[in-house]
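Presented as structure tokens, the chain that follows is alone, the form predicted alone.
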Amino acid sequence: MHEMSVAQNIIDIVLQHLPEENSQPVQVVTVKIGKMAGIVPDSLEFGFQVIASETPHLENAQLRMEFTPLIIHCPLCGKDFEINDPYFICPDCNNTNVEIKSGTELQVTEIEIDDSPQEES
């Protein structure tokens, strides 16, 4: 299950972008996942929760997934289309020489940190 390594990479990215002086917990990590990224959402969620539960500042973090459609661009007619089937064909001119414009991405887009004042113990 490669989603475990993807989850670890997401957590590594989050840790790299936390301020050094941060002692506040991360609440939510938002990722953008393209339809063709090859990710099984439930497996990614599971992997993220397992790894985050053992990572300082991420113990209770939630993973928010935003999905992007597969968009192709036809250079022949110049139009962009969302496609849902496995055939990469322009629906207007039937050109098969199309380009993928979006739908393969997997990126961390937002890290929400609890910035409420913490009580001293």
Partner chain sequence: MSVITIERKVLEKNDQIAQKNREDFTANNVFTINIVSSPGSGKTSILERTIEHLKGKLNLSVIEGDVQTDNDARRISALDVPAVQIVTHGGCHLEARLVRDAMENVDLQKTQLLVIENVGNLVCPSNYDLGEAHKVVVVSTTEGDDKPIKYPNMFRNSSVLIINKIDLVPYLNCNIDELENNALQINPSLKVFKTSCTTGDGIDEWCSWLESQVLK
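Computed from a predicted structure; not experimentally measured. Numbering follows the first chain given and starts at 1.
The form predicted together with its partner chain exists for this protein as well; it is not shown, and the discussion that follows is about that form.
Interface residue among 71, 63, 51, 37, judged by heavy atoms within 4.5 Å of its partner chain in the predicted bound form: 37. The closest heavy atom approach of residue 76 to its partner chain in the predicted bound form falls outside 4.5 Å. In the predicted bound form, at least one heavy atom of residue 87 sits within 4.5 Å of a heavy atom of its partner chain. By the criterion of a heavy atom within 4.5 Å, residue 94 is excluded from the residues contacting its partner chain in the predicted bound form. Heavy atoms of residue 27 reach within 4.5 Å of its partner chain in the predicted bound form, making it an interface residue.
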